[in-house]
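Take a look at this one chain, the form predicted alone, written out in structure tokens.
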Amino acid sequence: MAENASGLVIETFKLTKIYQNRQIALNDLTLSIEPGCVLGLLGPNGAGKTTFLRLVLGLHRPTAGWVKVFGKTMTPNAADLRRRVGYIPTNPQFPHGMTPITYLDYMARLFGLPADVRKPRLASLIRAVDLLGVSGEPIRGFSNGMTSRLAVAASLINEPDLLIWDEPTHGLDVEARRSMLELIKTLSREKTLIVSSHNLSDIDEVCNHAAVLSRGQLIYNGTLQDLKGRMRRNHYELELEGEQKAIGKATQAIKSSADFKSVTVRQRRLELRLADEANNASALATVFMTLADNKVTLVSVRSVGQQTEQAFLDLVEKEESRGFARAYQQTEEAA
């Protein structure tokens, strides 16, 4: 990458996209992505995530601002840049009559790979994504998990330096999702990745940086660790053992505490939501003492992660209450 003076894989400046002169899909987005970064792109539906990815890929033209990939401005004509990028759209679709072998061979030909490079690469990719047993079967009969694995192989056929995967775990069962996350972890050792997702736990597991979009605005850009610090845990679920009467009495005592926004009990499951100003440790200590005083046994306690959508809506609300515009100033981003 000698031609890339900045050394950045992606750099955007005031990137803006307005559809049909009225819908602002992306507004004034400035960020940079260094080699080896695994960026989690987060935000609710309609936040601008897919628009951002399409601009980075040169599939759309920006209304204003620019995006550079490997130090060069990305445009719809920049085929040389797109050759260095592996892309998986949400819900990837494939020609039903083709097999994994015929499809991947077709893709490799489009990239201009000669047969002596194409054949061994295709074989190793089919093995890597665990599709060897169905490599000659028509794609039409594939499950969501198999289709996703084929999409991964297709995105890697050109040995790209940058991977852009839009909702790669969408619609997958538990086993297929686990397999996908393990694959992302493996690839992240040698490639730069952008993974777009609604699922905070997926991002938490595989990414080291996060960018949060809301209504086309970048409201957070930084390390995942810092983001998790901002969205502290305030929702807990406790599994209890003891007489129902004793559990009821303990619950009433806990409800009287100002530390909790809500306290609900279903059978022997106690759900607690902490008030914003409450200290987690002292609030939970009070709960444990109250349970002990009422001879209720604590079987387990777990922190309930917020759904990403809700977590980021909370983040947006907090930014708005502090003055929304501050979130987009360069000085804020650098802090």
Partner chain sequence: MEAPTPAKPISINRLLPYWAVFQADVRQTLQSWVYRTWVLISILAAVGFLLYRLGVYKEAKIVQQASSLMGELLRWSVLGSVTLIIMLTASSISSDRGTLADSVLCRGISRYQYFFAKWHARLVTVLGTFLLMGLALLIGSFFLLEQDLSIPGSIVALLTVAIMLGTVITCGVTFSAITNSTVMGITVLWLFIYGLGFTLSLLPTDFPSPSQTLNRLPYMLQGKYDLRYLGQMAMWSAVISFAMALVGLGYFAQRDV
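A quick note: this is a predicted structure, and the numbers were derived from the prediction, not measured. Numbering follows the first chain given and starts at 1.
The discussion below concerns the form predicted together with its partner chain, not included here.
Taking a 4.5 Å heavy atom cutoff to its partner chain in the predicted complex, the contact residue among Ile247, Leu183, Ile139, Val263 is Leu183. In terms of contact with its partner chain in the predicted complex, the residue from His198, Arg215, Arg121, His235 that brings a heavy atom within 4.5 Å is Arg121. Shown alone here, Leu59 lies within 4.5 Å of its partner chain in the predicted complex, counting heavy atoms only. Contact between Arg149 and its partner chain in the predicted complex is found at the 4.5 Å heavy atom cutoff. Mapping the unseen interface onto this chain, Arg83 counts among the residues with a heavy atom inside 4.5 Å of its partner chain in the predicted complex. In the predicted complex, its partner chain lies within 4.5 Å of some heavy atom of Leu125.
Heavy atoms within 4.5 Å of its partner chain in the predicted complex belong, among the stretches 239 to 247, 203 to 211, 252 to 260, 111 to 119, to residues of 111 to 119. Proximity of Leu42, Trp66 and Thr223 to its partner chain in the predicted complex is absent: no residue of the three has a non-hydrogen atom within 4.5 angstroms.
Residues Ala154, Ser155, Leu156, Glu159, Ser179, Met180 of 150 to 180 are found to place at least one heavy atom within 4.5 Å of its partner chain in the predicted complex.
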